[in-house]
Structure formats: structure tokens, C-alpha cells
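So here's one chain in two forms, each on its own in C-alpha cells, numbered structure 1 and structure 2.
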Structure 1
């Protein structure tokens, strides 16, 4: 009888001890996991409308190159980064903004006035005025960025 009691008491204490151990591990472990993976879960970039320049600077039918500096903070260091892209309008009201990074291997494309195309010097990729692939290895059109105009001021969505 006493043997049984001792045994069940022992069992209870064993379970309780292991339970407390598990509880402490969880209390410390779950926040620890959140702490470690925190920066990974942070939204890649908080997107924001960034003013880039005057809409009237963009001639109709000719893509204009814009550069804008943005500040990025991965952790505790503020880095300045330069974004550059072409902005094109065909009617002065609707604008499209295209990254100037070639979708093939990331070289910078440039606007060739005479051919009315974007040309990538690395592997002779050619894009049309609206970013579609015309020739060469690029697998897809130039990336587009959202753009809007307010009071002659161009904004792109980025960050």
C-alpha cells in the first residue's frame, strides 16, 4: 500500500518536474525563436511613395532616366541606396516606370535614341520602348514599378 503511494507520488513528481522543465524551455525557447527569425519575417521593404521629380521633365514618347536615393535600414545601419529607372509617357497623363536593370543578368540597360529601344550591353539584350523583350537572351520584360502623378510631381512606389 505504502509502496503504491510512494510510487504514485514519485510518478507525479517525475511528471511535474519534467513538465516544469518543458514549461521553462518553452517560455525561453519560443521568444528565442521569434528573436532569431525576427529580421527574416520583417516585410522585405516597407513600400512608400517616393517623390522622384517633375512630370513635365518627361518628354512625350521618350523614356527619361530618373535616379532617386532611398535610405534602407536592415538592422542598425542606415544605408543609402540609389534607385534608377526609366519613366515613359505617351500622352502626358499616363506614366509607366521601368527598372533599368536587365532581366537577364542584371546589367544596366540604356535608352538608344536612334533605334527607340533599350539596349543591354552585356549580352546584347534589346527591349522595346514599353519594356517588352525584342531580341537577345532576356527572359521577361523590364520590371515595372507603380507610378503616380500629383501636382506635376512624380511618385514611385518603392522602398
Structure 2
């Protein structure tokens, strides 16, 4: 008995259709998977220095509030966020940058000139000029970020 090894027209068209379908699937599927999975595979970039304002705006011994808008990218989503910092100098050369967010429940603190303290109105949290807790429920001092000055321009490390 001999088997016929020739490919019939029907079998040829079936194999060709499956082959072309597989090729199209691969050509469209590989870039689609790369597009969806790509952001998760990217390495974290190092933090950038963000310009916040002029150093000459900060009076010696009086914290000055600076606000800056930054854009953060999470995968394919781009969010704009406003950050606020109090910047303090005691000698005009060395600067401290503190978040204006209370470490208790995340309320915004404000500088009270008469008392020379930061006050959180939510639960009466009080912080010293350097951000340390003086009274109330906050569990830790105000968060600090690195700050540098170049040509009278203040920069904070963030991102």
C-alpha cells in the first residue's frame, strides 16, 4: 500500500490560512504586548532637582512658602501635582526645605508669625521653626527635602 503524499487544494488553503493568521497575530500581538507591559519594565529614573523660586525671597529667620507644580508619570498616566514647601534660612547660605503637610493626618500647616511656629488647625498640632514637634498629636517632625542654591535659584530634590 502506498499513501498519496500530495497536498490537496483544500489542505493547502487550510494550512495557508492558518499560517497567514498566525503571522498577522504575531505582527500585531508582539507590539501590543510590548505597549502594555513596557511601562512596568522601565527602570526607575533618578530624582531631579526641581526649581522652586529665588533664594532672595526667603527672609533670614522667617520660613517662606513655595509652591511648585510637577508632572509624575505612572505607567501611561500623567498626573500634575502641586507641592508646597516652607524654606528657611538662618544665615542666608544654608537652607532647610520642609513639607507643609502635617505628619499626623496630612493636613496643611501654616506659619504663625507671632508664635514663630507652624500650626496644624485639624488637631492643634504645633511644630517649631525647624519642623520639630512642639505639641499635639503629630508623631514626627515635618518631612524635609534636600535643597540647593545655584545663582540665587532654589532647587529641591524630588520626582
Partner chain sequence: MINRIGNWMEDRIGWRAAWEGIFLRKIPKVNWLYTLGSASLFIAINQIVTGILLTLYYVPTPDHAYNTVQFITYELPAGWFIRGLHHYGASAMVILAVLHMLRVIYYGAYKYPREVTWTSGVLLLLVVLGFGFTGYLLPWDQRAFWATTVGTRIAGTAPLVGDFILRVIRGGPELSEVTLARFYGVHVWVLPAVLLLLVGVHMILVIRNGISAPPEAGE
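Bear in mind the structure is a predicted one, so any value in this text is a computation, not a measurement. By rigid core we mean the largest C-alpha set that fits within 1.5 Å across both forms. Numbering follows the first chain given and starts at 1.
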query	finding
Matching structure (the form predicted in complex with the partner chain), either 1 or 2	1
Rigid-core frame, C-alpha of residue 128, shift of 2 angstroms or more between the two structures	no
Large Cα shift (2 Å or above) at residue 11 between the two structures, core-fitted	yes
Per-residue C-alpha deviation between the two structures [residue 35; rigid core superposition; Å]	10.0
